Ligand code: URA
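In the form predicted on its own, a lone chain appears below as structure tokens.
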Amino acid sequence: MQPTVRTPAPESLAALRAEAAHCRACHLWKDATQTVFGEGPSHAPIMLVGEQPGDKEDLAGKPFVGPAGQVLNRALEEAGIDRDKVYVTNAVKHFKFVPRGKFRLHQKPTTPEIRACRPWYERELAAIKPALVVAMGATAAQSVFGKITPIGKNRGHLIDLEEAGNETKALVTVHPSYLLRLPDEESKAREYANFVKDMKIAAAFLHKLKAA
């Protein structure tokens, strides 16, 4: 007779957030103000994953509240997605930066730092069980898929997210901060429109789920 395999009960987001506040899995906690954990409904249908908290997020303790967050909010609204109904988090939960006078300049997380923080993403994913995970940027895509995943080749279509089960899909797009770094207004407008287009793919998928 085969032994019964018991699936552990999903952890609550509140418990995960409290535990993550004391995370020492990598060195980034030493300089950061605090852990910036994910935020949103406990059973959100869409989970948005970014790179890491920025300066504003590090100080506020909330994800996507700075300039990139404003771009994200505008794109979600144009796509017909209510941000209050999605779960927003980052692949890395501490702000990585280099000091430059009065400023703290963002630094891209390394692969070891992404791997050290990935268990938090995995536990958020298991707790929420979203229908769709949107990976925004290369760091997020690496965390979501567990390997380096080019944005250009994977953008614009739904991908089966095997780790989360057959019903969960993933969508790859750029990070909103990329749109802020573009050098001219023409490229900013073009790439922002493409970003909204990706978010509309997410909105259409959500609409299809509700109609089913």
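Everything numeric here is computed off the predicted structure, so don't read it as measured data. Sequential numbering from 1, following the sequence displayed.
Here the subject shifts to the form predicted in complex with ligand URA, a form of this protein not shown in this document.
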query: Stretch in contact in the predicted bound form with ligand URA, which is absent here, among 45-53, 181-189, 148-156, 23-31 (heavy atoms within 4.5 Å); finding: 45-53
query: Proximity of G40 to ligand URA in the predicted bound form, heavy atoms at 4.5 Å; finding: no
query: Distance check, A170 to ligand URA in the predicted bound form, heavy atom within 4.5 Å; finding: no
query: Partner proximity in the predicted bound form: V144 to ligand URA, non-hydrogen atom cutoff 4.5 Å; finding: no
query: Members of 86-105 lying within 4.5 angstroms of ligand URA, judged by heavy atom, in the predicted bound form; finding: N90
